[in-house]
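First, one chain by itself: the form predicted alone, in structure tokens.
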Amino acid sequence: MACRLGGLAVEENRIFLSRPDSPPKLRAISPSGRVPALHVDGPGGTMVLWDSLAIAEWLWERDPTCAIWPKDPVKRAYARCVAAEVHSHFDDVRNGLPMNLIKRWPIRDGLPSNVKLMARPGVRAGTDRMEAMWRDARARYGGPYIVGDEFCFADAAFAPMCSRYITYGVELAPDSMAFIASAMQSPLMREWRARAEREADEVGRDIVMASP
């Protein structure tokens, strides 16, 4: 999503996670052993950017007219604060509600309900903070996105978080659900969902539905 906002054409290489050979594959392409990792070929060799916020900033420095950050300096500062907080916080939400764009919860008897998932340590507190951020952004800029009608990297950072509440059927306050709906209906998120649907057909929907 960042590369699309930054106007950079990229070749995507997928690495499936949670497989025995996943860790060595990840370490081979990323010093942190995590994704995303952007490899940029240049005169001095290949430069590796292994952090999503660093990738966004590099893209913006490459072309400050791109859609990574708002052109207005006040909006840009606000969007950077939002993106940085999402980037460095909310691990409890990520771990408690693992991302899966295809799955819908519950899908069979015996799985924990979304009520139990929201009761996992830190999930409710993290959700409350995100809802406060969405309300503040709407109060300042009117929506539908973080700084109004401009979809920027702050929205890209939030999009995977928003998707979790759809996956697990969690009903938040109406204004929060409106923000989540806008994020999920954004062009880049619809494109991501379409790619996920194609990958689900490729690897098998039974496998996708069983993980995580």
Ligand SMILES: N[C@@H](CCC(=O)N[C@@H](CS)C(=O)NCC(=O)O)C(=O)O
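As the structure is a prediction and not an experimental result, all values here were calculated from the model. Just count from 1 along the sequence shown to find any residue number.
Omitted here: the form predicted together with this ligand. The next part is about that form.
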For this session: Considering only heavy atoms, tell me if Gly33 and this ligand come within 4.5 Å of each other in the predicted complex.
Result: yes
Exercise. According to a 4.5 angstroms non-hydrogen atom cut-off, is Trp50 in contact with this ligand in the predicted complex?
Worked result: yes
For this session: Determine whether any heavy atom of His89 comes within 4.5 Å of a heavy atom of this ligand in the predicted complex, and answer yes or no.
Result: no
Problem set entry | Partner contact for Leu17 in the predicted complex: this ligand, 4.5 angstroms, heavy atom | yes
Exercise. Heavy atoms within 4.5 Å of this ligand in the predicted complex: which of the stretches 165-173, 34-42, 179-187, 140-148 has them?
Worked result: 34-42
